[in-house]
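The chain that follows stands alone, in the form predicted alone, written as structure tokens.
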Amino acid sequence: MSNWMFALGSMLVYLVIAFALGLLAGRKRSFWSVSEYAVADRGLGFIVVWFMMGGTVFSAFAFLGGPGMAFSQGAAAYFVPAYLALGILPWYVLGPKVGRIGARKNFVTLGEFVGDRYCSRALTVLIGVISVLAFIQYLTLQIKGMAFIFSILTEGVIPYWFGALLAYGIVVIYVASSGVRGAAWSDVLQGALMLIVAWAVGFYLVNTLHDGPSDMFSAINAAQPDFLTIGRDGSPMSAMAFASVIVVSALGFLMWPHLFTKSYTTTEKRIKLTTLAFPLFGIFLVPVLFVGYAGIGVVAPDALGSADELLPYLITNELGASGWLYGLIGAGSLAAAMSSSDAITHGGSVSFGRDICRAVKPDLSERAQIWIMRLAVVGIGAAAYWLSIFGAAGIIALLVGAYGSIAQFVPAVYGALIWKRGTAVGAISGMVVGIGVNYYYQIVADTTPWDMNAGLIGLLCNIAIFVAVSLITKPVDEALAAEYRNA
């Protein structure tokens, strides 16, 4: 049997299992309950929440973008475990407060939380629009990952467009039918598989292509002395760029609506346990980055269409790998892409239904909201699929660009919890300016001041505008502000 057949067979088996688990998770649950669809009636357990949060880490970036970044940018790839370790820490304090407020006021989205604190439906809608656009951008990188995996590991038998359609189509069906539970239980399966595959593949490649990590890094250092450093003349990334991308990613981590709303799905104790255990996912990412370093000196950069293709290229062209390894890589990589896709798709659909549609038309029935959310799963998926097929941006650019937008929620969210003078006009003004600055430096400008990350520049402008405008506009009722500060 050809290696590509092993890969295809393992991926199809995995898809069937993930599909069945996603559908079964929603059995005997209320099909028409917004609380069930959005936050699983606030009853998810510790293991499920841990894997749900970790599934965001082990996305298509982990098996494709991560190795590609290590291969092309050296030490810069370590920004990922760095921001993961930092980004989750605020949840230990933030999560329980948000969870208590959410349970008391029946919130299911970030937009509802912020909009209620500042007494502004316009702010809720703005957050919903920004969230959906960022979700589409982030989802596009996951679908690109699925397409790469199918196309390369099956040696082109499954074309790029069809691989993406097949894998993501399954995600759309179980998310639309089972809501957050379908995403959650699929993430448990996907997470367990990814952790096994990450170490197996990293160990195998480093020891097959080199004689272990020590020899691998020694060879890289001898050939490219500054490739494994930050901020030196031969380094691919400056110290400012490296530090600022960590800061904006760490601050933006919990601002992703599908992560923020996990505060509504479980108990205070489980939130704190998850926060303490979560950094383990950063350790599991290390062997994935080693895959990228293992390819240096083995694969010529011009042999790849993009650096994101490194892992499947190594398996198919350099190792003469056996069928079992093809199958393992295929299933693990597909699990990584799907584990984020389901959570992102679900989060986008809830933001669209509650933060946009219900905020505009508050008298929407619960049944109408559920229909809108389920249809939004299809609409958001279709937009991301189109961008994944026809868009040119790579996985790294999509990831960093999406974080730059989401990080603009930071002043409004933290201001809601710690500053009584924050106002809706200040939050909206800061957010609009921050988003505008972020996209100006991402799309229009060729460089940024001091090589700072575009999202961080936007965030600094956002904070300044938020504070200045809030100080000259009328604050909300003091009792409401105190309710959020003292939650």
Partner chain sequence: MENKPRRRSATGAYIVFLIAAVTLMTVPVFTFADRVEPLVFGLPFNLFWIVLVELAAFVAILCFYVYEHGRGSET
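Positions refer to the first chain, counted from 1. Keep in mind it's a predicted model, so treat the numbers as computed, not measured.
The form predicted in complex with its partner chain is left out here; the points below concern that form.
**Q** State the residue from 188, 230, 173, 196 whose non-hydrogen atoms include one within 4.5 Å of its partner chain in the predicted complex.
**A** Comparing distances to its partner chain in the predicted complex, the residue within 4.5 Å is 230.
**Q** Quick one: from 298, 89, 122, 304, grab the residue that has a heavy atom within 4.5 Å of its partner chain in the predicted complex.
**A** It is 89.
**Q** Does any heavy atom of residue 267 come within 4.5 Å of a heavy atom of its partner chain in the predicted complex?
**A** Looking in the predicted complex, residue contacts with its partner chain include residue 267, since a heavy atom lies within 4.5 Å.
**Q** Give a yes or no for residue 242: in the predicted complex, does one of its heavy atoms lie within 4.5 Å of a heavy atom belonging to its partner chain?
**A** Close contact exists here: in the predicted complex, residue 242 approaches its partner chain to within 4.5 Å, heavy atoms only.
**Q** Quick one: is residue 246 in contact with its partner chain in the predicted complex, heavy atoms, 4.5 Å cut-off?
**A** It does: once its partner chain is placed as it appears in the predicted complex, residue 246 has a heavy atom within 4.5 Å of it.
**Q** Verify the contact flag for residue 292: yes if a non-hydrogen atom of it lies within 4.5 Å of a non-hydrogen atom of its partner chain in the predicted complex, no if not.
**A** Judged by the heavy-atom cut-off of 4.5 Å, residue 292 is well away from its partner chain in the predicted complex.
**Q** Among the candidate stretches 376-384, 346-354, 114-122, 273-281, which one is within 4.5 Å of its partner chain in the predicted complex when only heavy atoms are counted?
**A** Comparing against its partner chain in the predicted complex, the contact stretch is 273-281.
**Q** Residues 81, 85 and 218 are flagged as a possible site; in the predicted complex, is every one of them within 4.5 Å of its partner chain by some non-hydrogen atom?
**A** All of them do, each having a heavy atom within 4.5 Å of the partner.
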